[in-house]
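Okay, so here's just one chain, in structure tokens, the form predicted on its own.
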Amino acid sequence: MRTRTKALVLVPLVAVLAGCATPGPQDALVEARRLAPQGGELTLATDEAARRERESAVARALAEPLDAQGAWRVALLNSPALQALIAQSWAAQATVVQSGRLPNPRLALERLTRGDETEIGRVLSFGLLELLALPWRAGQAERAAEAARLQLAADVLRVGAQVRQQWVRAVAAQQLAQYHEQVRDAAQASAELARRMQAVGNYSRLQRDREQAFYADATAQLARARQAAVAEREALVRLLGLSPQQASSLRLPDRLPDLPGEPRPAQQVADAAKRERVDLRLAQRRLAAADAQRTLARWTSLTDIELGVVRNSETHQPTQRGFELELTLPLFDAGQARRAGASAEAIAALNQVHQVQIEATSTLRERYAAYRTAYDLARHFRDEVVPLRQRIVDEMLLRYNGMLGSVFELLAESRTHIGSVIGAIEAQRDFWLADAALDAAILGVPAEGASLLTQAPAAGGASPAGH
């Protein structure tokens, strides 16, 4: 009777000790929601009703021209890639929580007969060593689950940086295509004027051919710009996960946002990076999980102990009660390999923390330098180059009106002004790309930097006609 009472008490106790909460999809999103800087609702659509509600929200967002924050919200709602990431993280977190639970107890039943005698044996057994190590197992599982949540947050933030940068590229490409269209129209008018001037003998064949060549070059540049706009827009469509119908509703602003009045101070950026870096927090959690796993391996790698509660009944005999202990003898495998593997994992995790710290500070310095350079370049084009070229064009217009300059001198300066405008748009695009890359560096997620060293906007402007 006393053994039965102990068993009745022991089984619920084991159940309570093993009863960790199963993570749901909302639990997997805790860190990602907290760290997402642009806001928006991050959920996992698990049924048809949620998917329909999500499509309605996307349709409302696409009813207006999509700004950068709107693109982020649409990606959160609509991107199948993000939904897959959330579901995979949910599965990973469920797996690590499962690893922290106790294996189920085993019940063995036995019925033997000899003549009119019947013998019934019952053994309820469970892993005693696993029960003793449960606090370490639960702690290790919780650290691993937290690392999985941080990994999902890092993945979501990485997608957010990609969406923001691709939105900048798409808007800039559309803006450039629209401007190239204006240039083509002006070049067409210039070529037609040259044709008429040559027809009445006021212009040479060489001069007309130069204007015609400029028109041909402007036409080719427009074709390239239109193709670039299509390519960048479709890349954005893929990131947002838009269907063909949704893609047809996508409208982008006509131009990029204006530059901020002042760049961000370096100290403000450094302080934000100290608070928000996900990669460093993730490396530290993985180190904690590896240390916990190494401690657990010291306990569980040498042997295994099974404890069983026995109750045997036999005809005409009193009931037998007792326990049995099953011990794995470490004759062929003493667990050295498991302990060595756990130690190696912990050492690797420690060095990864150091590497992430080095990369964090270096990347932040590089991205901030690129951000300041892009800001200074964009402001230089906005405040110096474009106004200077515009004043030259205005002066040439005055000279033309006073019959001190020819129409073609005026057109030549206008073409030079075209190059400065294109350079200004590209510089503005590079600034917003660098701004997004800096935000990604603050958060500790990968993102492409602006290619400031390989792209040199034409400050002096192109002069295809050779004027």
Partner chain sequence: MTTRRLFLGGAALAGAATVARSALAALPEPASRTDTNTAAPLAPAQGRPYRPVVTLNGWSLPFRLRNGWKEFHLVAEPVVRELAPGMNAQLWGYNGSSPGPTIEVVEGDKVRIFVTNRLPEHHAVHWHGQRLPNGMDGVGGLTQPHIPPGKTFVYEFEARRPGTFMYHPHADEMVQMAMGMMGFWVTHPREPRRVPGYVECDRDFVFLLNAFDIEPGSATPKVNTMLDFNLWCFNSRVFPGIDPLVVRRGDRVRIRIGNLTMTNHPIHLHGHEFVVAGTDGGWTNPASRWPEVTVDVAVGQMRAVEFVADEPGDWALHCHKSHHTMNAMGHDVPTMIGVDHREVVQRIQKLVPDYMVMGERGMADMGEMEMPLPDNTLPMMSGQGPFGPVEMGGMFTVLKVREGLARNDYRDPGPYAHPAGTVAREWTDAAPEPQRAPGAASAAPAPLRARKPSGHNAHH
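Positions refer to the first chain, counted from 1. In this text the structure is predicted, and so the values were computed from the model without any measurement.
The same protein also exists as the form predicted in complex with its partner chain; that form is not shown, yet it is the one meant from here on.
Contact with its partner chain, judged by heavy atoms within 4.5 Å in the predicted complex, is confined among 103 to 111, 84 to 92, 199 to 207, 159 to 167 to 199 to 207.
Annotation: in the predicted complex, residues A189, L193 and G402 each come within 4.5 Å of its partner chain through at least one heavy atom.
Residue contact check for Q268: none of its heavy atoms lie within 4.5 Å of its partner chain in the predicted complex.
Heavy atoms of I305 never reach within 4.5 Å of its partner chain in the predicted complex, leaving it off the interface. Contact between T219 and its partner chain in the predicted complex is not found at the 4.5 Å heavy atom cutoff. Within this chain, A68 is remote from the site of its partner chain in the predicted complex, having no heavy atom within 4.5 Å. Checking A32, A427, I442, L411 against its partner chain in the predicted complex, a heavy atom within 4.5 Å turns up for just one residue: L411. The partner is absent here; in the predicted complex, the one residue of Q317, T118, Q336, Q182 having a heavy atom within 4.5 Å of its partner chain is Q182.
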